[in-house]
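Presented below, as C-alpha cells, is a lone chain in the form predicted on its own.
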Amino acid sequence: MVRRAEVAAVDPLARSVTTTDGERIAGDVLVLAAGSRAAPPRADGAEAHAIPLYTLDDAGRLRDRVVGRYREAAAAGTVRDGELTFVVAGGGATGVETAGALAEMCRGALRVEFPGVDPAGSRVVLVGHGPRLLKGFADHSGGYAAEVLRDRGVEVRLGVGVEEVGPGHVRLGDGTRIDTRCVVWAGGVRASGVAEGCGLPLGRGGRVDVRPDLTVPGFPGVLVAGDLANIPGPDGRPLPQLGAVALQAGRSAADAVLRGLDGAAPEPFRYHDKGMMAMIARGAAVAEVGHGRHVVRGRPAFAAWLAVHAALMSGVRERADAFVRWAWEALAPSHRAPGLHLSEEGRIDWDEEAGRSDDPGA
C-alpha cells in the first residue's frame, strides 16, 4: 500500500505518523528517511535577501535571477554597482559547483546573448569560511578546485564568512563590503524537521542518533536512515550526508524489516565507501575513488561525474541517452542562451538599499 501525503507529526512509541489532513497511519515498523533541508543561514539578513540552493525550484529561481540581471543591464545600457556581481556563500561542493556554473554562464551563453553588456562588469565571488575549499576532500583537491575557479574568473575568498546580507550588498567577517544584487547561500544542510519534538534522540545537525544497525535506543521497531540519521562509521564519527550513504542505508533498512518478519535481528550497516566527487566547471572535476582515495582530476573526473549522475537514473536507455547528451553539451557547448520564461519579480528597485527589498531573494 502506498500513500502520498505530507507528514505533520511522528509518534515513535506508537510507530505511527499523522498526515497534514489528519489521517493517522500506524504499523509494526516505522522507518524514517525524510532526508534533509537547507541549513538556516547564520548571517544577518540572509533569509530575506539570499537565495538558498537545495531544490530544483531554487536552481530555476537562481537561473532566472541571473539572466534577469543581464537583461536589465542590457536594457539600461550600463552596468550599475553590484548589478552583475554574484556572491556564493559556502566553500563546499555545492558552493564550488554553483560558482563554476555561474562563471560559465557569464563567460559563455550570457555574453553571446547580451553582446551590449560589458563582460568586464560581471563578477563571481565565492566566499568560504574555512581555510580551503571542498572540506572532506584531500587538501590538494581543494587547492585544485580553487585554481580552476580562479582560472575561470571566480574570485575565491577563504578564511572569512558572510556576516550580513542586505538588499544590495554583503558584508564579510573582515569588514569587506561587496555590492551585489544576487547572493546564493550554499552553507550546508540540516536534517528534515520530521523528527523534531517527537522524543527521538537528536544529535549533530538535528539528525537522529542511531545504532550501527539503524535502530534507535529506547524505541523498538523504529529505524532511521539516510540524511535524517547520524549513522556511526568505523571511527565512531557519523557518516557523511552523501547520496551513496543514503542509498546503501535504505537497502540495509529494508533488509532489517525483512529479517524482522523472520524473527531475526537486524545486521549492522556497513557502508561501502566508493569515494566522492565534485564538478568544478565545464570539463573540470575532482574525484577521490576507492579505499585509498585515488585522486582523478580534470576531464576524466568530469566524465566520471557525468557517468555517475546518469547511472542514478532509472532505465538503461535513459542512462545512455542522458550521458551522451550531457557529455556533448558539456564538452562541446553551444552558444545559445538558456531558454527561460522570466517573471517581473527579478526587476530591481535601485533606490531601496536603505530599506527592505521588494525583490524576494535578491
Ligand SMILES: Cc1cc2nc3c(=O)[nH]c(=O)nc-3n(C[C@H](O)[C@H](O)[C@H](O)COP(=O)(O)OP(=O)(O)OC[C@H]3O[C@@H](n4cnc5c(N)ncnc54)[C@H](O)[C@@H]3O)c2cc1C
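All residue numbers refer to positions in the sequence shown, first residue = 1. All figures in this text were calculated on a predicted structure; none of them were measured in a lab.
Below: the form predicted together with the ligand, not depicted.
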property	result
Candidate from 216, 146, 79, 244 lying within 4.5 Å of the ligand in the model of the complex - any heavy atom	244
The ligand: the contacting residue among 192, 85, 230, 248 in the model of the complex [heavy atom, 4.5 Å]	192
Which of 124-132, 253-261, 236-244, 203-211 lines the interface with the ligand in the model of the complex (heavy atom within 4.5 Å)	236-244
The ligand contact in the model of the complex: residue 33, any heavy atom under 4.5 Å	yes
The ligand contact at residue 226 in the model of the complex, heavy atom, 4.5 Å	yes
In the model of the complex: members of 1-29 within 4.5 Å of the ligand, any heavy atom	5, 6, 7
